[in-house]
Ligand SMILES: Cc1cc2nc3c(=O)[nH]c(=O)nc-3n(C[C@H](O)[C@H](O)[C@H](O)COP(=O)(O)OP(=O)(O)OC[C@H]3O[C@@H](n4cnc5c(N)ncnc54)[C@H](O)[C@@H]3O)c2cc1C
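Coming up is one lone chain in structure tokens, specifically the form predicted alone.
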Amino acid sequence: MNTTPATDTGGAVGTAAVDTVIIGGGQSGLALGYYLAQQHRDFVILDAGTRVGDAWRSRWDSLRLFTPAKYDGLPGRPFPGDPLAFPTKDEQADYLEDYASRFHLPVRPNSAVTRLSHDGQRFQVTAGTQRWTAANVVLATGACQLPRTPGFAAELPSDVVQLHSHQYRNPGQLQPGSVLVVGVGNSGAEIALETSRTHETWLAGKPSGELPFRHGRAAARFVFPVIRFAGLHVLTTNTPVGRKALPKIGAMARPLIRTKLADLGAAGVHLVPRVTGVEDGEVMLDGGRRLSVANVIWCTGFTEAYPWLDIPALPANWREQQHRGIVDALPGLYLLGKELIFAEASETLPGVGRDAKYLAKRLAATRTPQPAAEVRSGLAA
């Protein structure tokens, strides 16, 4: 077996044979890497970013996590600092980068996967000029993959600034004039609150509700432990209540967590009905009202997509044919860090460690581990 990894830079053509390829170097991929390294597995973590944590760094500047620091760490390394503080997105990114370095995880940056296929025996993974063959592949790419915007967005005049939430950084990107934020989820509410300080702001959509308590340190101390316990141990596919509730949770919009509707009203944000289309250069709202705006921020979510997946034998509903991340339709294919794959918390920082530990145990049964010296030699090559 060729244990020499392909290069980090992607500049050289090479093929490496490994036991497991993890696609995605975010929190879920790193957590699994921690457990596989403990087992002396032969694996590689492929990430599209230039640095570990770039998926967090690329979010808007003022973003803070909803979960307190005491729940934001990964296996083997608690999040440093005040356990009741809510880390910034850059602090979380730096923590992940330090985590990968501390545990010497074989992350290959600048390795956006361009093709994943299967020859009947092993997976073939291609990232630019690099190539790996593997017995197992774990899709740990997270939820924010393909930005979703309505087709009629293209009908807006060319002089209207349009950004999806994944492109938005701060109000400095916007031109003078009013702002329409589309989508009353957590991203839309937080961005609308921020833009209202410098621009007249409209927020379009139907609110899905909000938490019945104020987000903050007191909630982190007294309420979040209860929510975490329920998300990890009650609302799972192993419990009757979880099996009944999870499909409903998956179909529901998430409640507002940090920003309240009262906060938006106090800031002067105008709440309006959902957007239905564009006509004569103006935004059409449900009910017939029109808005003429200078900026539009689409907080309309993401689609989980794998455009590089080239395995014709997989059925169309392969994503649903899984239990705890194990894809039934193709042995050796796994999911991690995805919404509701086992528990309500499976997609969150508090949940990825537990799911990664379970998956590592399953992977341990699929192949005899390499001797530690051989793994170190391969990773150093």
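These numbers come from a predicted model, not from an experiment. Residue numbers here begin at 1 and follow the sequence given.
Form predicted together with this ligand: not shown, discussed below.
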Inset, instruction - Find out whether any non-hydrogen atom of residue 337 is located within 4.5 angstroms of this ligand in the predicted bound form, and reply yes or no. - result: yes
Touches this ligand in the predicted bound form: residue 350 (any heavy atom, 4.5 Å)
yes
Does residue 63 reach this ligand in the predicted bound form if we count a contact as any heavy atom within 4.5 Å? yes
Since only the chain is shown here, I'm wondering whether residue 70 would be in contact with this ligand in the predicted bound form (any heavy atom pair within 4.5 Å).
no
If we test each of 242, 106, 142, 231 for a heavy atom within 4.5 Å of this ligand in the predicted bound form, the one that passes is 142
For a quick test of understanding: in the predicted bound form, does each of 39, 236 and 325 have a heavy atom within 4.5 Å of this ligand? no
Of 169-177, 133-141, 247-255, 198-206, the segment with heavy atoms within 4.5 Å of this ligand in the predicted bound form is residues 133-141
Applying a 4.5 angstroms cut-off on non-hydrogen atoms, the residues of 41-57 near this ligand in the predicted bound form are 46, 47, 48, 49, 55, 56
